[in-house]
Structures are given as C-alpha cells and as structure tokens.
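We've got the same protein chain twice here, in two forms, each standing alone as structure tokens: structure 1 and structure 2.
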Structure 1
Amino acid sequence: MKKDEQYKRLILREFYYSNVLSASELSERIGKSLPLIIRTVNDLVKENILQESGYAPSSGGRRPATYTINKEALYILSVSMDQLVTRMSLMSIENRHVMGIEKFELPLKDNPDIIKQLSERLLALVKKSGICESKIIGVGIGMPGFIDVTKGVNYSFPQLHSDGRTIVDHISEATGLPVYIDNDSSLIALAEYRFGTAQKQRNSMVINIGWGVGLGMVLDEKLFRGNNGFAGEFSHIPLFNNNKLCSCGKSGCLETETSLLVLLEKAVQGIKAGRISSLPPTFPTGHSEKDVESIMEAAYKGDNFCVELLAQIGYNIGRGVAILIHILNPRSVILSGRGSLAGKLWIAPVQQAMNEHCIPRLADHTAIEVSTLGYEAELLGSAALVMENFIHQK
C-alpha cells in the first residue's frame, strides 16, 4: 500500500471513532506532521470522503477548521451471529443502520449450509440498499467459538471448513469484499471500549450474557486475546458440582448455571411445577429468543418468579466475576450482550456474590455496570472490527 493511502486510512479510522476533528488534533493522534495531515485531509475533501463541519473553539487566535466523514461516502456490512439467530446490517460510517437490522434464524450447530446462506443474505442486502459496492469497505462478522482471527478459522464449528477453506475465504469470494471474523464476546468488548460504558477506562471486563456467558477483556486500553487468541472463556470456569454436561464436553462449567438457555429451562420447569407468573399463556412459544425476552420483560415489570430466576443466575455470574476481580483487578465489570436487556436487575445479585466472595479492598474499587448498547453491541463491534483492519487492507 502506498504511504498516501495508508495516511488516509489512519485519518479515516480516527474520524470513525471521534466523528469531528481538526487537523491539529489529527496530527497529535496519529503522530504525523501538521503539513502532511493538512495535505491528506484536503485530498480526502476533494474525493468527497471528508467534509468541513465548522470550527473548533479557540484558545486564542484563529479558530481551526474541523472536519467529519461524509455519511454517504463509506459503509460497512456488520454481522452478529449466535448459536441460534443471526443479525446483520449495512451500516454507514457513523454507525447508522441504513436498512435497519435484518434478523433471521440460522443455527450454527450441525448446519453445513451456514456460509452459503449468509453470503446470499449479504448479497441480497447490498442489492436491496442500492449502494455501490465500491463504497463498502468490508464485512465484519462476530460469532461464538474458538476463533483464530489471523487465519479466519472458527475451530468450534469445523463443518464450516470442511473443504479446507476458511469462512473468510468463502464469504470474501462470494461478496468480493474484505471479510474479518472474531469471537462475539471480544467484539462486544471492543464496542463497549470504543462506543459504550468502557470508554476511557484503562481496564474493563465485559461479560457477554447470551446463550453462553462470554468474556471480553480490555487491559491497558487494548483488547486482550491471550497467547493464541482464545482468552476469555469465562463460560467454562469449573465452578459447580452439578453433574450438568456443558457444551464444551465437561461438566459443572459456569455456563451450566448462568446462560440464557438455563434461564429459559428453569422458567419452563417452574411453570410446569405450578409457579405463579405473569408470563403469557403462550409461554413457551418454542422460539428461544422470544421466550427469553418475555422472561426479562416480566421480571422488569415485577414478576416475582422471573425476578427470582434472574437473581439466581446473576448471583452465579457474580461468583465467576469474583474470580476475575482477584486475578485482574479491573476498574469495571460491564454486563453486556443479549442479557443486558434485563438492565439493573442484574446488579444486586452480582454485587451480592462479589460481597460474599471477593476481598473487600478489591471489590470496593470495581464498579458493576450494565451496558447501554444492548443488542447493538455486537453489530457495533463487528463494524469496528472492519475499521480496525482497514489500515492494513491491500
């Protein structure tokens, strides 16, 4: 890649995260000379990628001009996958959903047609949008599993690589676009760090409450991946002697008492056993996502049974969090992902477990917070994944 192109991409990445900047601010952030930045910014304005947005406040003298990205200049295809449901969106460079969020059932387990179906959906979305493919800078995909981000391989779903080619290879060939994949919990942590509750925090743990219970770690202001990229397998801490088989093949893992699938299972068992609840008469509908949302909504409205279920799971999550706090001493623990829709109902039971299982000096200096991004977190993280890699694209 030519140096001029690299400088342009570095500048665009800064605008993606900060929206409005002056040339002097860009020079300080990127560490390049002001004349070089001004020349590159002017080139991007001529290409209609940047545009002037006014003037920055002055501390004396002439007020510097500020710039922002033309919201119709660049787009990203963002994909959020879990074990059961996939969401995808064509997003503008300002993280606006151009066509809304498309959601469809796409089970990952024992489904060899995933890549074909996803590629077809992505192509259909681009066609429907009417946006020129040359304006789309890449596809970001978040999914559960042991993912090697450098190779584009998800080792948890070997059927996706049965012909020896990677997920990235297949989808890039089908769409003609650069493709990047990463673990869903890592991308949720990236979203929280760049756009959410973990902004400007040096050390944060982000708990992804979903069909499993994942973990993304921001350490020293960087996403921590571990030795070979598999750090953060929070779900599989062996905490219980419950003889419950986990999805990993072991028994007693944290996931066996804390996932949203466990929440649903216990709700169904309770209703069958005669527990009184305001859950709708159609519960369970057979659609896991809808049923879990019904439980969280009922709990939020004060349903004692559903509040009790969330409290049990929250307490067990808190036991796992206590271990993290002892090892990593984070500034905050952020509850994110699908389960964050239950909001502040998580905080009390998690805090209770911390109070019981943490050394006070550590627990007292760690805040428990609930994400404000909700369902948006992974889609935002997937989009940010593309921009993180944009400066390295050929």
Structure 2
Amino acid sequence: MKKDEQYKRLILREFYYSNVLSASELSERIGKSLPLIIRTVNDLVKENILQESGYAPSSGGRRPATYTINKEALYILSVSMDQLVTRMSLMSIENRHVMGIEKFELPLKDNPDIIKQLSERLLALVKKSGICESKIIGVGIGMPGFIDVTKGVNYSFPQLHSDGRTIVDHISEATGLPVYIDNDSSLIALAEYRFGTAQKQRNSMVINIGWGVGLGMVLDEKLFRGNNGFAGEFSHIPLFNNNKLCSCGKSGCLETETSLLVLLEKAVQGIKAGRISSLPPTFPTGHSEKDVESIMEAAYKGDNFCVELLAQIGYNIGRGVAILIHILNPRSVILSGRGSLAGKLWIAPVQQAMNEHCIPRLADHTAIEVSTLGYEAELLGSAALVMENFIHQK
C-alpha cells in the first residue's frame, strides 16, 4: 500500500473513534507531525471523505479548525454468532445500523452448510442496502470458541474450516472483502474499550455474562488474546468443590455456579419448590432467552426471589473477579454481555465477594461497573475489529 493511503487510514480510524477532531489532536494521537497530518487531511477534504466542521473553542490560544467524517464514506459488515442465533448488520462509520440488525437461526454445531448460508445472507444484505461495495472496508465476525485470530481458525467448530481453508478464506472469497474473526468475549471487551464503559482505561476486565461466563481483557491499552488466542477462559477456572460436572468435562468450574443458564435452573427449581415470585405465570416457557429476560426484569422491578438469585450468581462471579484482581490489578471490571440487562443489581454482590476475598489495597483500586452497551456490544466489537485491522492491510 502507498504511504499516503496508510496515513489516510490512520486518520479515518481516529474519526471512527471520535466524531470531531482537529489537526493537532490527530497529530498527537497518530504520532505524526502536524504538517503531514494537515496535508493529508486537506486531501481527504478534497476527496469529500472529511469535511470542515467549524472552530473548536480555544484552550488558551488560537482556535483550531475541526473536521468530521462524511457519514456515508465508509461501512463495515458486522456479524455476531452464538450457538444458535446469528445477528448481522451493515454499520456506518458512525456506528449506525444502516439496515437495522438482521437476526436469524444458524446453528454452529453439526451444520455443514453454515459458511454458504452466512455468505449468502451477507451478500443479500449488501445488495439490499444499495451501498457500493468499495465503501465497505471489511467483515468482522464474533463467535464463541477457541479462536486463533491470526490464522482465522475456530478450533471449537471444525466444520468452519473445511478442506484446509478457514471460514475467513471462504467468506473473504465469497464477498471479496477482508474478513476477520475473534472470540465473542474479546470483541465485547473491544467494544467496551472503544465505545463503552471501559473507554480510555488502560487496564480493564470485561466479563461477558451469558450462557457461559466469558472474559475479555484490555491490558496496557491493548486487547490481550494470549499466546494462541485462547486467553480469557474464565468460565472454566476451577473454583468450587461442588461436584457439578461442567460442559468441559471437569467439575467445579466457575461456569457451574454462575452463568445465565445456572440462573435459569435455580429459578425453575425455586418456582417448583413453591417460592413466591412476581415471575409471569407462564414461567418457565422453555424458551431460555425469554425466561432469563423475565427473571432479570422481575429482579429489576424488585422481585425478592429473583434479586436473591442474581445475588447468588453475582457473588460467585465476584469470587472469580477477586482472583482476576489479584493477578492483573485492573483499573476496572465491567459486567457486560446479555446479563448486563439486570444492571446495577450485579454490583453489590460482586463487590461483596471482592471485599471478602481481596486484599483491601487491591480492591480499593478497581471499580466494578455495569455496561451500558449491553447486547449491542458484540456487534460493535465485530465492527471495531475490522477497523483495528484496516490500518494493517498490505
């Protein structure tokens, strides 16, 4: 790639993370000199990709000219998959869903047709939008599993890399676009770091409360993925003597006492045992997603039984968090993912476990917070993944 193209991309990336920027801010962030930045910004204005946006207030000197990005300049295809359901969206550089979020069933397991179906859906979405493909900078895919980002392989779902070619190869060929995949929890962490509650924080742990309990880490301002991309297997740290068999084959994993699945189980058991609750009479409907939402909603409205359940789960998450804090001394721990819908209810029990299991000096230095991005996080993260790679191409 030509060098001036490279500089343009670096500048565009900054506009992806911040709406309005001056030349000197850009120079500072990118680490390139002002003359170079100004020249490149002027080129981008001529190309109608950036536009002038008036003068910022003075910070004690001459007022800087500011710029914004043309909202229709660039787009990203963002995909978020779980075991059963896939969501996708064509996102503008301003993080708006151009055509809304498309949601459809697409089982990850035992589905030989998965790559073909995904490609077709993606192409159809682009076609429907009418947006020129040259404006789409890539496809970002988030999914559960053991993923090696650099190789583009998801080891947990072998059908995603047939005949020696990975899902990245396949989708890339089908769409003609650069494709990147990463673990769902890592992408949620990336989203929180770039757009959410972990913004500007050098060190954050992002807990993905979902059907399992995932962990994405931002360490020294970088997403940390481990030596093979497998870091963050929070779900399976051995923490309990409960003799409960985990999906991974071991027993006593954090997951056996903390996921939303456990929450649901406990709720069903409690109701069966006659506990009083404001849960709807139809509970449990058998539809896990809806049932869990009911529980969180009831808790949010003050239902004693559900609050208690959340507290139990939260306390156990907190025990795991205490370990994280001892090892990594983060600035903050963000509770995110599906489960973050229950909001601040998580904070007290997690904090309680921390107080009991952490050295005070450590506990004092890390804040527990709940995500405001919620279920959007993963799609945002997939998009951000594309942008992170945008500047490294060729």
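All residue numbers here follow the sequence of structure 1, with the first residue given the number 1. A quick note: this is a predicted structure, and the numbers were derived from the prediction, not measured. So that the term is clear: the rigid core is the largest set of C-alpha atoms that superpose within 1.5 Å between two forms.
- Note: the form predicted in complex with a further copy of the same chain is the second of the two, structure 2.
- The Cα position of residue 96 differs by less than 2 Å between the two structures after fitting on the rigid core.
- With the core held fixed, the Cα of residue 357 is displaced between the two structures by less than 2 Å.
- Core-superposed comparison between the two structures: the C-alpha position of residue 114 differs by no less than 2 Å.
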